[in-house]
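In structure tokens, the next block holds one chain alone, the form predicted on its own.
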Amino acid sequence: MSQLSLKGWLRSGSPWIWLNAAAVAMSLIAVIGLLGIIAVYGLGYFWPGQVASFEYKENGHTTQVIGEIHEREEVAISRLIEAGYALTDDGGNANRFLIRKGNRQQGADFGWVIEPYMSAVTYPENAAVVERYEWGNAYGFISGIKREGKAVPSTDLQEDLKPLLEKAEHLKAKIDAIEKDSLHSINYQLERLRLQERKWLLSKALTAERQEALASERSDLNAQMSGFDQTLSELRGRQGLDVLVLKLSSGQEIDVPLSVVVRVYYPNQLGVLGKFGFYFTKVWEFLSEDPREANTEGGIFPAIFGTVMMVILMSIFVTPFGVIAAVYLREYSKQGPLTRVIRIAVNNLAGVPSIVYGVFGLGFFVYFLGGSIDSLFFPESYPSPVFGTPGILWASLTLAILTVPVVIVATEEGLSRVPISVREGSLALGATKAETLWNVILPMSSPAMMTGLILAVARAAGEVAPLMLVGVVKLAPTLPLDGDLPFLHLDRKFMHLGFHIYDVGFQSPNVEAARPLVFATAFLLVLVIVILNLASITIRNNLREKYRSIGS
């Protein structure tokens, strides 16, 4: 290629087109690769792995090991010798396996083993995995069933165990319903009565009639609580009757109460359909149940609920403020130096670190505004704060301030694209400026407003740093929305997907067990954000087509 043709090719702009195409392609590859890695490591956790049993000979001692093989890696034999293994260095590599042995009451949950020390590896069909509410999984062989300390004769342990597990699950569901719903509601009502009595006492309005009414209502609630306590005692007494006997790899037999068992399954007996059924059951459990075992097992429903609810509240707060500010700046304010400074300030706000918004929310919303609300409307709660403590309301308002620049900029851009001829035509037909704004300009700019709102939602869903200061917690015992008046409790703390990832990934006492859940939760959060962005494009395109005829 000659020098002149090269210059012509550069001036034509083709290199920039190819450069932009390459950048877009690399970005797509990076995003798809990231999602793929997260999906493989996260969603693969729910697939039932086979249970291996083998002899492990180390330092002259032979032990029987049973568990799931989670990871495999090749390690140079020279490194293993340096680590203290008695091997012959032939310059090669040896396989090392991470085994989930479970049975945390008897030892570590996970452990590394090397292939040269392993022998007689089998996959016995009767190897059982006992998933428990506490202490994680237990691996072994079910050798019997006990009731009230006595062995129950059985010809088929697997079949005889099924109705007993269903009975234990039914009892646990009853106990959870009483503890989480009935007793919680009664305690909540008793606390409201206490606060109401204190409020009347502070205002010197506590009359004898009111005292009598409060005492009567409190007596009824205490009677209900006594009835529920008696029912709980009966149900808990029935819980400890059934026990399964599990024989561990060491030969020791342990009693596992069925009241602490989530499920018992035999992964080496499962076919393809059985594994898929188990997989989707575990995924649904992950999405619909509460976490347990320091958030390393169970589900993440409270975190999903808290994230969605916070985003909804944030949207309710940010939309009117962002749209009104954009309308004023574009349609009513005088376009001068002051307006330009305001626009520059709005654009700069979008670049402020999110933790700064968290500090502002803690200082202004929680301490100043929340403390003022408590002193004015909830003096009976002193010294316990109501709104003067982090909660979902202040978290939503903090994120609304964080995302309002996005809504303002997007709405202003939409308003500026409305043709001047449309405005003049509306005014010429006798419409006022307010009518033109409401009936013509805002509908035509609604695609940009919706895009700004959903982009704000996408950003808010992934924020973590400010929430750590204004309301998010590791584990929330109750949801912000329940059946107790006023139903929506804006003062309560909540769980969040982003903070859940941080907590499980960096604060978990069982790192190996928590790592797959970090990937699974991260994949879910990224998937939510991707869906929101795709929804923004769809909504924008539909609204653009709807109002295209007005502009033309």
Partner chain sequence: MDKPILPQVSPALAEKRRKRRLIRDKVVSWGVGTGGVSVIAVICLIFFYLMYVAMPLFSGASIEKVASYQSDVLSQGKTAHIAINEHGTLGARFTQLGQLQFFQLQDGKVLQQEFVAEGHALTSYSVSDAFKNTMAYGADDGSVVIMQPKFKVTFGQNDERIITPELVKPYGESVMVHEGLPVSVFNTRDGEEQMTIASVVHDQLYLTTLTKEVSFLDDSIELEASSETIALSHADIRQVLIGPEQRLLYLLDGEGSLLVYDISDPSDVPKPQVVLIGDGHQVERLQFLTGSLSLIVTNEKNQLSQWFIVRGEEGEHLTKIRTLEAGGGDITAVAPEARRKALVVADAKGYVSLVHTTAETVVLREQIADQSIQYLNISPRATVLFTQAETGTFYLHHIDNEHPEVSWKALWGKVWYESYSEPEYVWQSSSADNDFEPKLSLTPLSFGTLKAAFYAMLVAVPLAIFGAMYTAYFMAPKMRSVVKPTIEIMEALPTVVLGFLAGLWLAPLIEQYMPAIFSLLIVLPLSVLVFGYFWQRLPDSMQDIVPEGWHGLLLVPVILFVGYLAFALSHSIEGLFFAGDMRAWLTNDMGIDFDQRNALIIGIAMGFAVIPTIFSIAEDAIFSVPRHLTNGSLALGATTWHTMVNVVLPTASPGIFSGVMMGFGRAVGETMIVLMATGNTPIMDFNIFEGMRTLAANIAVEMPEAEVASTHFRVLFLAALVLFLFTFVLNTVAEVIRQRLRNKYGKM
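Worth saying up front: this structure is predicted, and the values here are computed from it rather than measured. Residue numbers count along the first chain shown, from 1. Superpose the two forms; the largest set of C-alphas matching within 1.5 Å is the rigid core.
The protein also exists as the form predicted in complex with the partner chain; that form is not presented, and the subsequent description refers to it.
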item: Stretch in contact, per heavy atom within 4.5 angstroms of the partner chain in the predicted complex, of 230-238, 147-155, 294-302, 346-354; value: 346-354
item: 4.5 Å heavy atom contact, T122 to the partner chain in the predicted complex; value: no
item: Y41, heavy atom within 4.5 angstroms of the partner chain in the predicted complex; value: yes
item: 4.5 Å heavy atom contact, L376 to the partner chain in the predicted complex; value: no
item: Heavy atom of L488 within 4.5 Å of the partner chain in the predicted complex; value: no
item: Position in contact with the partner chain when the complex is considered in the predicted complex, options L171, V245, M468, L270, heavy atoms within 4.5 Å; value: M468
item: Residue among Y188, W135, F280, F368 with a heavy atom within 4.5 Å of the partner chain in the predicted complex; value: F368
item: Residues of 15-33 having any heavy atom within 4.5 Å of the partner chain in the predicted complex, listed in sequence order; value: P15, W16, I17, W18, L19, N20, A21, A22, A23, V24, A25, M26, S27, L28, I29, A30, V31
item: V356 C-alpha shift between the shown form and the other one of 2 Å or more, rigid core reference; value: no
item: Cα displacement of G237 between the shown form and the other one reaching 2 Å, rigid core superposed; value: no
item: Flag for P383, CA shift 2 Å or larger between the shown form and the other one after aligning core; value: no
